[in-house]
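Just one chain follows, in the form predicted alone, and it is written as C-alpha cells.
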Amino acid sequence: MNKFCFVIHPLSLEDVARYEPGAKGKGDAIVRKIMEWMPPWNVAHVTGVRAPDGREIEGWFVSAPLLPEQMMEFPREEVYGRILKAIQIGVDLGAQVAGLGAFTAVVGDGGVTINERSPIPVTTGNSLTIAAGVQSFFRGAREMEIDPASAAAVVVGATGSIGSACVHLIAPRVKHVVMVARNETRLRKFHGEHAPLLPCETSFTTNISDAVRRAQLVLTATSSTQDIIEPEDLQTGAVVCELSLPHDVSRRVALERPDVLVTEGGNMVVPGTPRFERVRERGNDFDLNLPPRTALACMSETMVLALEGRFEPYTLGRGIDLAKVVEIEALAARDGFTLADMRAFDAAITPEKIAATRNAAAKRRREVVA
C-alpha cells in the first residue's frame, strides 16, 4: 500500500485547540510562546482512502506548529527546519510523497528548497487547488444566475502561483479580467506579459476595493493574514470564491450582505471511507473543520499522487504548469475525488441558502431602482 504525509499547521489561535486540545483555555500570549518551541508531531492517521477500482492508500497529517504570522516572521531557515522535521516524521512512518499545507507551501520559494532537502518528493497541492477552485468559481456563477461571458471577474493575488493560473483558466469564459496584487511593479510586468495571451479584456490595479466594486465575480488567492474583502465593496448579487487560508473575506459579509454568495473553493470529497484518526487520542477523529469525507484540494492532490504511485515533486514554486492542472484534475476524477458541496464561514451552503441569496439580490436591485 502506498503511503503519504501532509504537513499542516494552525491558521489562528482558535485553531490551536483543534490540533492540541490541551491548549484550550490558555491565554493567547502563552499559546504563542508555546508554539515557538513546540516540536513537530504526528497529528492524525489517515485510512480508508480508496479509489473506485480498489486501490487504497495510507497517510498521516503531521504538524509544523507555527501560526501564519510566525511562518512569515521567523527566520526562514528555522521555518524550513520545522517543516522538514515534520516531513521526516512521515518518512519514518513509510511516506513516499509529502504535501505542504497552507503557509508551509507559501514560505520562501514555494516548496522548492523544502523539496531539495526532503528525503521524499514534495508537492504544494496547488495544481488541484486551482482546478477545484475554478470549478467552484463557475459553480457559484451558475447558482447566482450570472452569465460569465458578459461579466467582469477579479482575481486578487493575480501574480501568485495560484492566482496567475486562475487568470488564464478564467479568462476564456468571461468578458473582462481585473488582475489585482500588492506589488505594482510586479503586477504591471505580469499584466504586460500575460494580457496579450488572454482572449478577453484585461486591466490591473493594486486597489482591491476599487477592483471588487467593478466585478460580479471575485476570486481570492492571497497569502494575506488580514481581511481584504469588505461588505461595502461588493456588487449586488456578487460571487466571491476563496482559495486562501486564512480566509480573505471579512465575516461582516455574512452578516451585512445576504445578497452575496461567498464560497470556499478547493474542498473535495475523498473516495472510499476515509478516516482521520487522532494519533494521541485514539478513537477520536481529527477535526479539519470540514464535513465528513471532505479534505482540502491540496491534501487531495497529495492523496492522488499516492494512489497513482506518482512519487514526484508535482507542483512546486511560483509558476504553475497549466497542463499539470488539467492532468491532476483528470487523475482526481478517475480516482473518485469530487468537488465538495458549497460552504462558507464554516457552514454549509444549502439550496435554500442559495435561493435566499438570489432573492436578497433581486430585492436589493429593486430597491436601488426605486
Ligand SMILES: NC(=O)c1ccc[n+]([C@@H]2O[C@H](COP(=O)([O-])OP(=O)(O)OC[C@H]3O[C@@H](n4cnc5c(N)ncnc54)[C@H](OP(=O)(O)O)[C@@H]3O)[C@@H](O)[C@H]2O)c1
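The first residue of the sequence shown is number 1, and the count goes up from there. Because the structure is predicted, anything quoted here is derived from the model rather than measured.
There is another form of the same protein, the form predicted together with this ligand; it is not shown, and what comes next is about it.
request  = May I ask you to state whether Phe103 is within 4.5 Å of this ligand in the predicted complex, using heavy atom distances?
outcome  = Heavy-atom contact with this ligand at 4.5 Å: present for Phe103.
query = Though only this chain appears here, would Arg318 touch this ligand in the predicted complex if you measure heavy atom gaps against 4.5 Å?
reply = Residue-level check for Arg318: yes, a contact with this ligand.
Distance check, Ala95 to this ligand in the predicted complex, heavy atom within 4.5 Å = Output for Ala95 is no: heavy atoms all beyond 4.5 Å of this ligand.
Partner contact for Arg76 in the predicted complex: this ligand, 4.5 angstroms, heavy atom = Looking in the predicted complex, residue contacts with this ligand do not include Arg76, since no heavy atom lies within 4.5 Å.
Candidate spot Thr273, Thr294 and Gly336, all three touching this ligand in the predicted complex (heavy atom, 4.5 Å) = No, the candidate spot makes no contact with this ligand.
request  = Could you tell me which stretch in 112-120, 274-282, 125-133, 209-217 has residues with non-hydrogen atoms within 4.5 Å of this ligand in the predicted complex?
outcome  = That would be stretch 125-133.
This ligand: the contacting residue among Val177, Cys298, Ala86, Val240 in the predicted complex [heavy atom, 4.5 Å] = Looking at Val177, Cys298, Ala86, Val240 one by one, just Cys298 meets the 4.5 Å heavy-atom criterion.
task = Name the residue from Ile170, Val262, Ala158, Leu234 that puts a heavy atom within 4.5 Å of this ligand in the predicted complex.
result = Spelling it out, the residue with a heavy atom inside the cut-off is Ala158.
ask   = Who in 181-212 is close to this ligand in the predicted complex, meaning a heavy atom within 4.5 Å?
value = Contacts from 181-212: Ala181, Arg182, Asn183, Arg186, Ile208.
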